[in-house]
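Heads up, the chain below is alone and in the form predicted alone; it's given as structure tokens.
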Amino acid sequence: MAAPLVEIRGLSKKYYGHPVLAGVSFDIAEGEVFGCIGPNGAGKTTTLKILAGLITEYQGQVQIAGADIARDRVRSHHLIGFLPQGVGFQAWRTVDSALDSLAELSGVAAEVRARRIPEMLERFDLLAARHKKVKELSGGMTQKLGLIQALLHEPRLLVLDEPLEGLDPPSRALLKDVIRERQRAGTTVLFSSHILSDVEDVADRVGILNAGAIATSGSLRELLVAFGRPLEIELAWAAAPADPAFVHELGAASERKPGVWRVRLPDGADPDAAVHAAIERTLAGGGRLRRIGLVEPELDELFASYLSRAAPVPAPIEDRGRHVA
């Protein structure tokens, strides 16, 4: 298996003797979108600032594409595009001038800047504001401008701290589309957000940071198992099969309304195999399915369950062959 793009080991940081990070360790695969969530003060912003090189005093090791960010700052800088929370620009500059200066600092050639800046402004619906001063922009427009500067040098790793903060629904949808586009182009994305539905929309994997450490991480299905939540499937028949009683063989079944069944699968059951069996038995019995699928709680529900737990957090998940702890 190829080495992950991001490797964080034993990351610790104190402010005035107070620990903010306490041995954070996790990996991010090349091309993965990793969402970081957690309560306020959990250490999300500190972790992202260390990755971006804005915080240089810490304990532990952080590598990006094999480069240690503490020892190879120049290479690391070119690998990363960073959008901080509360992005700021020199207010007197025009949009075009601000982007051109930042892209030049990131090593983007003049001819590339001349092409990519208008392309990116158009993609983010800001082309008409190209010659406006930054101070004339709305908060949402400034946020989009911050994302453009993070993308101009086409980084391998995009680090976004609360990127959806202050954006209206169309702009949030646009940003999520851009994240998916960059992932398809091979970019790895690490972002934090408190808008859990947006994390759910774009993240391949979610890490829960709490009390300065990664409590657990995984896909929504893996987190569901880690928190002891039951796996369920729901099927709705357009026409019931001759013998619908087979649903009770799959697990604890209950009919929610005529023709719609919810089945709680036993521990260790393969949900994909259960769905396949339900489809086969329905068709074999002469029935017709309207819909069938795994019932997964929303991330908000899982996170609320995590916050309300009095017991220790779940053990880290062995995810795709990488230990995340």
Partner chain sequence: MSPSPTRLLVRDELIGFGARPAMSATSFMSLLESSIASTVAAVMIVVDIISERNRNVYTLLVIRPVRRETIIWAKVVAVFGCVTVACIVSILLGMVVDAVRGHAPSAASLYDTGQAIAQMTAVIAMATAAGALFGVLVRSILVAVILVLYIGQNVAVLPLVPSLFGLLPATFWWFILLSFALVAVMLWFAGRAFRRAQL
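Positions refer to the first chain, counted from 1. Quick caveat, the model's predicted, so the values are computed rather than measured.
The same protein has a further form, the form predicted together with the partner chain, not shown here; the description that follows concerns it.
Peer 1: Taking the partner chain in the predicted bound form as the reference, which of 216, 193, 187, 149 has a non-hydrogen atom within 4.5 Å?
Peer 2: In short, 149.
Peer 1: The partner chain isn't shown here, but in the predicted bound form which of 238, 114, 128, 91 has a heavy atom within 4.5 Å of it?
Peer 2: Selected residue: 91.
Peer 1: Just one of 116-124, 174-182, 248-256, 100-108 has heavy atoms within 4.5 Å of the partner chain in the predicted bound form; which?
Peer 2: The contacting stretch here is 100-108.
Peer 1: Determine whether any heavy atom of residue 87 comes within 4.5 Å of a heavy atom of the partner chain in the predicted bound form, and answer yes or no.
Peer 2: Judged by the heavy-atom cut-off of 4.5 Å, residue 87 is in contact with the partner chain in the predicted bound form.
Peer 1: Verify the contact flag for residue 52: yes if a non-hydrogen atom of it lies within 4.5 Å of a non-hydrogen atom of the partner chain in the predicted bound form, no if not.
Peer 2: Yes, residue 52 is a contact residue.
Peer 1: Taking heavy atoms and a 4.5 Å cut-off, does residue 242 contact the partner chain in the predicted bound form?
Peer 2: Residue 242: no contact with the partner chain in the predicted bound form.
Peer 1: According to a 4.5 angstroms non-hydrogen atom cut-off, is residue 133 in contact with the partner chain in the predicted bound form?
Peer 2: Heavy-atom contact with the partner chain at 4.5 Å: absent for residue 133.
Peer 1: Among 26, 44 and 61, does every residue place a heavy atom within 4.5 Å of the partner chain in the predicted bound form?
Peer 2: So, no: the whole triplet misses the partner chain.
Peer 1: Heavy atom within 4.5 Å of the partner chain in the predicted bound form: which residues of 58-81 meet that condition, in order?
Peer 2: Sequence-ordered list: 73, 74, 77, 78.
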